[in-house]
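There is one chain below, alone, in structure tokens, taken in the form predicted on its own.
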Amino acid sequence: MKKIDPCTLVLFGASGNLSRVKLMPGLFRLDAAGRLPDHMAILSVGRGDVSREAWQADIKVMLDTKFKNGYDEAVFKRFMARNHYHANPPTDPDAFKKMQAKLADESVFPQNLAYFLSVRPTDFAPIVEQLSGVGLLDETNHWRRVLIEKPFGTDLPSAQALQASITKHLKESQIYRIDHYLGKSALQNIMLTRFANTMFEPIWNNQYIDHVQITNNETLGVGDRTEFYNNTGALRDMVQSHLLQTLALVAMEKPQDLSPESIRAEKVKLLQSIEPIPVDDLNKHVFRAQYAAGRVCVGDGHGENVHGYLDELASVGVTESVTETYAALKLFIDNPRWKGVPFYVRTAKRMHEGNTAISIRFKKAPMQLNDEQHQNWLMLNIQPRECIKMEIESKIPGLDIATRTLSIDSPQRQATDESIDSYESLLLNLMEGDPSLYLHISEVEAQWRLMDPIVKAWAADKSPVHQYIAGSRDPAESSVIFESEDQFWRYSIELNGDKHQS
């Protein structure tokens, strides 16, 4: 357990949904687990003028909503004593001077300051500039860190412009670019599964691996994010950030050690070695689609009729769109370990199942008994079920020589394990000064360099986008990106029947 210095967490956007659902409950759970330092304060920053008492009453509502079975009153009392509020109305030119004066009270606020910017992306740079203007980023005597929420830019030029704006006031070591996916325990386990087990590393290369699939599918639609999503799309929303980071963890070389610097260095090297997708041959490497009206399975197992994406857009006055809700890509890595191995990355909304997983198919075995013999698979399931599964061929007992697939399946999470939300892990890392689960600017730039040409090509192509029925599996047409005819989309970890292939 790392020692955390006495510090103050300054939370911008404290009354927003992220804070109410994730951050405040997460900080409370960290306090209950004894992970917050004794001398630690939380200053919530909002636009409205709210008394400390009223804000604490609002926090109680957040906690009551999250923890239906109640919570420890002693922890609650201690947590409430940490919480303060500061009004920062955009119309007040002296708002940040008042914040500086408030934070100057060392008897209340430890002077190591961590800022969490849960605000609109357009506010990132102005807030950093104003914090700097009143001396709140100066590290002469204490550390100062700034956490910036996704997205960091909307393309490479905007990401570089944002970087140029904030590095006028911050060193790279002070900037924590969050990708909440990296806080997931199952995702962090990818690296340890690879490097803490002797059986995997010798075969983790192009000599033995046929291809790798990285999947994020949802049964949900765009919901109340219709207009935002139409300006973003699946590629920028999921692939550019979450799924490319997952790919980096799967494919990177072994870091020198588990220090943040070593892990980041290998991730950056891997991302920079992904070959650009040839824009003049785009249709063999990428595929996009939109969900049409259909029927999806909801939480209780029953079906629900849902509208198509274009119908949802029409309800907010948008008459046409080429924005993708399904995106599939084929990527290659230009290094000796992975040369020639396709990495298939896909994400989609309104699919038949919700699942986030890494599926690795190995090459054909040295001995092929018949055409029906399956190839080996290794699956690392991230959600909804955290587990590791291997599929191997085993002899069927009897007089004849024949095999069947044997599944070795183990849950990663045991009944007694801690249940940690990704934001709890990342908040703790912020206060510890551990940036290994945060993005370096080189990672951000490499990811945008890969995605920008595809985004531009798709935006320029106004022909109707392929439609797939909500609640269905991958469109058959998406197989155009596969390198060989025997490749198929791997679905859930179920094996029986045809559940494991399209």
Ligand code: BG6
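Quick note: we count residues from 1 along the sequence shown, nothing fancier. Remember, it's a predicted structure, so these values are computed and weren't measured experimentally.
The same protein also has a form predicted together with 6-O-phosphono-beta-D-glucopyranose, omitted here; what follows describes it.
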task = Can you check 330-338, 286-294, 176-184, 90-98 and let me know which stretch has heavy atoms within 4.5 Å of 6-O-phosphono-beta-D-glucopyranose in the model of the complex?
result = 176-184
key: Check all three, 216, 349 and 383, heavy atom within 4.5 Å of 6-O-phosphono-beta-D-glucopyranose in the model of the complex   = yes
task = Using heavy atoms only and a 4.5 Å cut-off, determine which of 86, 242, 361, 144 is in contact with 6-O-phosphono-beta-D-glucopyranose in the model of the complex.
result = 242
inquiry  = Can you pick out, from 168, 225, 77, 413, the residue that has a heavy atom within 4.5 Å of 6-O-phosphono-beta-D-glucopyranose in the model of the complex?
reply    = 225
message = Under a 4.5 Å heavy atom criterion, is residue 237 part of the interface with 6-O-phosphono-beta-D-glucopyranose in the model of the complex?
response = yes
message = So, residue 307 and 6-O-phosphono-beta-D-glucopyranose: in the model of the complex, are they within 4.5 Å at any heavy atom pair?
response = no
query = If you check in the model of the complex, is residue 150 within 4.5 Å of 6-O-phosphono-beta-D-glucopyranose, heavy atoms only?
reply = yes
